[in-house]
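Presented as structure tokens, the chain that follows is alone, the form predicted on its own.
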Amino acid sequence: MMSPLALLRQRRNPGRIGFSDVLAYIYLAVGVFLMFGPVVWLVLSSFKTRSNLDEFPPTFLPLAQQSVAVKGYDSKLPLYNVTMPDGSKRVLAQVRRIGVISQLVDPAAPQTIIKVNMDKRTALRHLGLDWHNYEHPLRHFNFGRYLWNSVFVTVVATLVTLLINSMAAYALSIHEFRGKNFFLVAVIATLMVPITIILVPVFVVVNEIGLDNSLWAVILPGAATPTGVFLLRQYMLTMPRELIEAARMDKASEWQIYARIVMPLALPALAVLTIFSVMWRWNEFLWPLVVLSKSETYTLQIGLNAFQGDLQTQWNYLLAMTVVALIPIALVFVFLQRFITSGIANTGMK
């Protein structure tokens, strides 16, 4: 695989940069900005204070108000660069603001109150990361529990999905039986059924068997996915039939062929399905919202919804926990991304 640095050194005509090279670099730069710009903005915004997030126009970097301890005041006072009536500038600490008038003091001589119009002062700020945005939800909003629930649901559901989908794909691609094409069409046809149509019937079934308000109610209903079955079936069709027939001549059972031959050869497609399944399960919101009503069973996506109210949204906590929710997906993609190209290329999917 070519390294990013070697890719940047590629030229259409070796030895000089042509017009097409410039267009290619501009295209790549715009693509990188559109893909990673929002993520960088999200990460930086997750370290901003609530007042910093409410500013307009917004700032790109997380900036914190500088403050100073002043004799005679219990808490630190914010610092401002103030334009005085004579045109000089002084660094003063604000005691209070009444309407449009700010009452300030000189930190070195706090006995005298100086009153100026608020538009004559500019806040002194520095780069500051507010780690409280991450610490407070994890300690006081049970987000550690929500994170564990999401990890459990995602891992177990992905393993169940890989098992069931691979078995169905094996039956529809390798095993021979009457009506195979009919069942394939029936599986693919379920792609046209929106989840909102079957939401109530599935909830009734889950409630009747006593799985409501449990993580298994989130895991089991979506264990078999038509997309996963189709993806694995298309990949298994590319496997050499001679290998399967040789195993059958050696008296290998269908289970042995499935476990010892087909599954190891289907690892690229399984890796692609793993990425898809992790993304589906980790980001799933509607079904967990319907079937889970106890806070101790909430997944991370349902927990994020707790920061959004009718009158107020705690954006600092919401952005911080959104970053936390992105980390597992990013790690899975980094470790399995090399299988994406080869896996999808051999399944016939576009």
Partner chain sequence: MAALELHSIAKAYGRVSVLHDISLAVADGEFVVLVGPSGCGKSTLLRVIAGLESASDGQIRLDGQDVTRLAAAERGLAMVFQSYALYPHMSVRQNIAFALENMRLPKAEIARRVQSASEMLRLEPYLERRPGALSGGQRQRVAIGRAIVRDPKIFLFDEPLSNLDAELRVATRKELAALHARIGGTMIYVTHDQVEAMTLANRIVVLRAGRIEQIGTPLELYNQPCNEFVAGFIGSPRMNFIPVTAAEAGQVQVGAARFALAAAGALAAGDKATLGIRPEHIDLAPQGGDLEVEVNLIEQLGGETFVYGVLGDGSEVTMRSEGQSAIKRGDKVGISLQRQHVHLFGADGLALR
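Positions refer to the first chain, counted from 1. Small disclaimer: the values here were computed from a predicted structure and weren't measured.
Note that the form predicted in complex with the partner chain isn't included here; everything after this is about it.
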So in the model of the complex, is the partner chain close enough to residue 243 to count as touching (4.5 Å, heavy atoms)? yes
Can residue 250 be called a contact residue for the partner chain in the model of the complex at 4.5 Å between heavy atoms? yes
Can you check whether residue 237 is within 4.5 Å of the partner chain in the model of the complex, heavy atom basis? no
Give a yes/no on whether residue 142 approaches the partner chain to within 4.5 Å in the model of the complex, heavy atoms considered. no
Of the residues 71, 260, 89, 126, which one places a heavy atom within 4.5 Å of the partner chain in the model of the complex? 260
Among 159, 118, 265, 114, just one has a heavy atom within 4.5 Å of the partner chain in the model of the complex, namely 265
Proximity to the partner chain in the model of the complex (heavy atom, within 4.5 Å), stretch among 252-260, 71-79, 101-109, 128-136: 252-260
